[in-house]
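In structure tokens, the next block holds one chain alone, the form predicted on its own.
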Amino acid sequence: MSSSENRDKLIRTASRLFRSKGYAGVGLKEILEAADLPKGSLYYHFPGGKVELADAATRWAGDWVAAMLGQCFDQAASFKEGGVRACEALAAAAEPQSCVPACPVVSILQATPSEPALRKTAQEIYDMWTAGLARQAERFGVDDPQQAALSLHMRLQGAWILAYAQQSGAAFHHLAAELRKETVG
């Protein structure tokens, strides 16, 4: 396996484990065992240790969510339809798994009192998601695109927290049904 493949494997494994157990619930030994890689591999790619790996894993997953949201809205005929498609895509991604994973950003936020760099990462990713939704709202001519984007982001995040707590995609389906009923955008 190449060096970049090892790095990618560490990132994907850490993301999965952080999202299922939280930042504090996962140790480096567990990540290395799950990735089937030696300790030296971790520090070669992430000399900053767990915080640096968590940052990379969260940014990787955050980019995946941003791309998925973009694709949902690019295929939609309205901002509302884009929101519905996003709910359906998040539910589809969650439901076939044995454990519905937490939002990648939420999974690191508990560490932020002792790791302020991760709070900055969380803020940057949330800002990226909201900015992407605002661009879509503007593209669809929604009044106050920033407000519409922030509102949808908060609703999606709330649904994700409930989906994680309930270990079910039902909250995403509920939000999709609510969005379909709305008359705006």
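In this text the structure is predicted, and so the values were computed from the model without any measurement. In this text, residue numbers run from 1 along the sequence as written.
The form predicted together with a further copy of the same chain is left out here; the points below concern that form.
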Self-check item: Heavy atom of Gly49 within 4.5 Å of a further copy of the same chain in the predicted bound form
Solution: no
Quiz prompt | Touches a further copy of the same chain in the predicted bound form: Leu150 (any heavy atom, 4.5 Å) | solution = yes
Quiz item: Is there a non-hydrogen atom of Tyr44 within 4.5 angstroms of a non-hydrogen atom of a further copy of the same chain in the predicted bound form?
Solution: no
Quiz item: Closest heavy atom of Ala93 to a further copy of the same chain in the predicted bound form, within 4.5 Å or not?
Solution: no
Quiz prompt | Heavy atom of each of Gln110, Leu162 and Glu178 within 4.5 Å of a further copy of the same chain in the predicted bound form | solution = yes
Self-check item: Which of 121 to 129, 55 to 63, 34 to 42, 135 to 143 lines the interface with a further copy of the same chain in the predicted bound form (heavy atom within 4.5 Å)
Solution: 121 to 129
